[in-house]
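Before any questions on how it binds or moves, here is one chain, the form predicted alone, in structure tokens.
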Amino acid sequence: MTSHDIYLLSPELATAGLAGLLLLVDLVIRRKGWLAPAAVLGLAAPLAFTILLWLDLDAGRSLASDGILSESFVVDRFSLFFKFLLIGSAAVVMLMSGGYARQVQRFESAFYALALFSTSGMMLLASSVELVTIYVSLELTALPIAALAAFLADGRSSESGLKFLILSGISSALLLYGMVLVYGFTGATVLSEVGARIVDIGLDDGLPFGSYALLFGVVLIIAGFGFKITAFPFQMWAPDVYEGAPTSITAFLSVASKAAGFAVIMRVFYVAFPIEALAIEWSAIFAALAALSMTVGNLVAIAQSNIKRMLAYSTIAHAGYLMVGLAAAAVRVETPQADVGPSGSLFYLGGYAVTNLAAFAAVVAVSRRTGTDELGSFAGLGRRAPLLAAALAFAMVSLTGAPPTVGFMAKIYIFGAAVNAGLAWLAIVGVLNSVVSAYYYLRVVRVMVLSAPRDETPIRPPLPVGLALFITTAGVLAFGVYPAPLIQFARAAVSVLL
């Protein structure tokens, strides 16, 4: 490995190095209060390296690997977009995690280290351009999350971790089998070579995907990735895992893990299967999954009385909204609208990240005070903690997709992409589902404002949680009023895939 390769890997190495440093220093320092601030501040190092890499790209400097990473790892605007998103999400999750980490004081440093190791795996995933590298990065991402989900060591948390571990293993096996079939058909593992080999081999116009082997491989790959992004019908793990895991880890799963999953899905399908005929076929699969995910997620969320389970089904629905951008891949021609679908998915991911993190930060503040995640514990929150209730209500409005929030702008953008791709029916399904989702999102607001509180004691979130809530709520408002910077960032990121 050359020094240039190390520079290209610097954000991932800095994140993993920070995790190792926390573990080592914790062995000699007894006071645990420094861990959370150190974890948050330490993320400045991978952030600085990511900024430097972006500036190098802007300056026209080559970031191609000249060593062992040359065919497995790439640094481009697409991967850097996700690294910025993942580092920001990890920092907010660290701010929210103090109360949960202190419940297991002996292992508090391990809590932050596991989250950082998982973040480094997600960052690797965004840059991986080779099937074996993708698989290894996925495992580095998933295994620490399984441990974090079971970290509280009570019955529900242990069940959460075990269920995630088993089902993650099954999904990884499906994904690996799909990759093996694609390798067997093409003889290549590098994504760009897979696409080139498919062209050379030729496809049978009378068969779906031109080959039953390729069809089966693609279906298994979609199934494996579907688990990672909690898309229907691969979402069966989400409600129980979200409910049993520490709430900050639930937030991490719902935002960072989903972002990494979409990063690798877009990389694989836009690079390995870019042929117009194939793009039309796999975009049809994603259109069907998008409609089912939106509908099932929203309908089942209506019946939930636990807010974490409600948000679990909500994230299934949002996976559907995000797949609308993937389904719009059929627009991939040389027109000014060629990037609307994929850039819509990235813009939606950015808006969803700040919105969902804001919602979970408020849930953390309330559940730490009340000791429960049941919706009834939010009764009268408008009187007990007016600012906290206002922030949570604003997040619920954004998840619904109402102005002046980033959720509204994101849905306008992504549904517009569907219409431009000739998928007006999918946009209509999305709009109808947004109306359905208003019922359970605004029910939270109704409970906070109109229901009598069980306890009149004011709720004051800890300073780190309050800071996380302020940053994310400000992001929801700022990108809702002025979304242009995030849209431009997303369009610059997807330009390398088209």
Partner chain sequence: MSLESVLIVGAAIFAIGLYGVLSKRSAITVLMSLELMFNAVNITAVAFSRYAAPSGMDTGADALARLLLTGQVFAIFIITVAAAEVALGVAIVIAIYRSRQTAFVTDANQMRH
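In this text the structure is predicted, and so the values were computed from the model without any measurement. Positions refer to the first chain, counted from 1.
The form predicted in complex with its partner chain exists for this protein as well; it is not shown, and the discussion that follows is about that form.
> Based on heavy atom distances of 4.5 Å or less, which listed stretch (159 to 167, 358 to 366, 319 to 327, 400 to 408) is in contact with its partner chain in the model of the complex?
In the other structure, the partner sits against 159 to 167.
> Would 139, 193 and 240 all count as contacting its partner chain in the model of the complex, using a 4.5 Å heavy atom cut-off?
Verified in the model of the complex; spot residues all in contact, yes.
> Can you check whether residue 306 is within 4.5 Å of its partner chain in the model of the complex, heavy atom basis?
Heavy-atom contact with its partner chain at 4.5 Å: present for residue 306.
> So, in the model of the complex, is residue 244 in contact with its partner chain at a 4.5 angstroms heavy atom limit?
Residue 244: contacts its partner chain in the model of the complex.
> Does at least one non-hydrogen atom of residue 197 fall within 4.5 angstroms of its partner chain in the model of the complex?
Close contact exists here: in the model of the complex, residue 197 approaches its partner chain to within 4.5 Å, heavy atoms only.
> Could you tell me if residue 201 has a non-hydrogen atom within 4.5 Å of its partner chain in the model of the complex?
Residue 201 belongs to the contact set for its partner chain.
> Which one, 186, 377, 72, 235, lies within 4.5 Å of its partner chain in the model of the complex by heavy atoms?
For this set of options, the contacting one is 186.
> Ok, 155, 386, 371, 422: which has a heavy atom sitting within 4.5 Å of its partner chain in the model of the complex?
The option sitting close enough to the partner is 155.
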